[in-house]
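The chain below stands alone and is given in structure tokens; this is the form predicted on its own.
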């Protein structure tokens, strides 16, 4: 079972949006997917509870317990939606078990300050230095026409890490989430632009 950790200590950075849609993509690819929601608000689990049994299945891993050997054999992927403010032992544990780490960041000065400190700490980790886990960055809620988007791009280019994609600010994610769906569960005409933006991200995840 391969593990993807979506992580940024900054609250509201887009972790749940990224994690739920990533799980939705993998399930749509006929992969067996499990989600682990580490946040106290349990937004990912609330999304799962809304999900129709007619959609590709995603199972849940309850908070506070490790995936058992049986879980690992039954599933292809574990997607972890991490908590805001995650640090210390909890962060170390999550990083230790991740095969891929995705850091979402929004084009705001507050998000960039927190993300800068987090990425610097992240790159000091032994697993990252040994390339046992791979880190990628995703720009969230980005309008390419704005100065904020340009500032975010310049900020991210200082790191020797792949910028996987920039996802636009759209109600498509919100409307899908109301029904326990990902954008990959929507009709093509409702998600065409989003699917294009996700292509480099999904390619990196499965590489």
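Note that the coordinates shown come from a computational prediction; the quantities given were computed from them, not determined experimentally. Numbering follows the first chain given and starts at 1.
Separately, the form predicted together with a small molecule exists; it is not shown, and the next lines address it.
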Position in contact with the small molecule when the complex is considered in the model of the complex, options 151, 29, 170, 46, heavy atoms within 4.5 Å: 170
Heavy atom of residue 174 within 4.5 Å of the small molecule in the model of the complex: yes
4.5 Å heavy atom contact, residue 84 and the small molecule in the model of the complex: yes
Partner contact for residue 141 in the model of the complex: the small molecule, 4.5 angstroms, heavy atom: yes
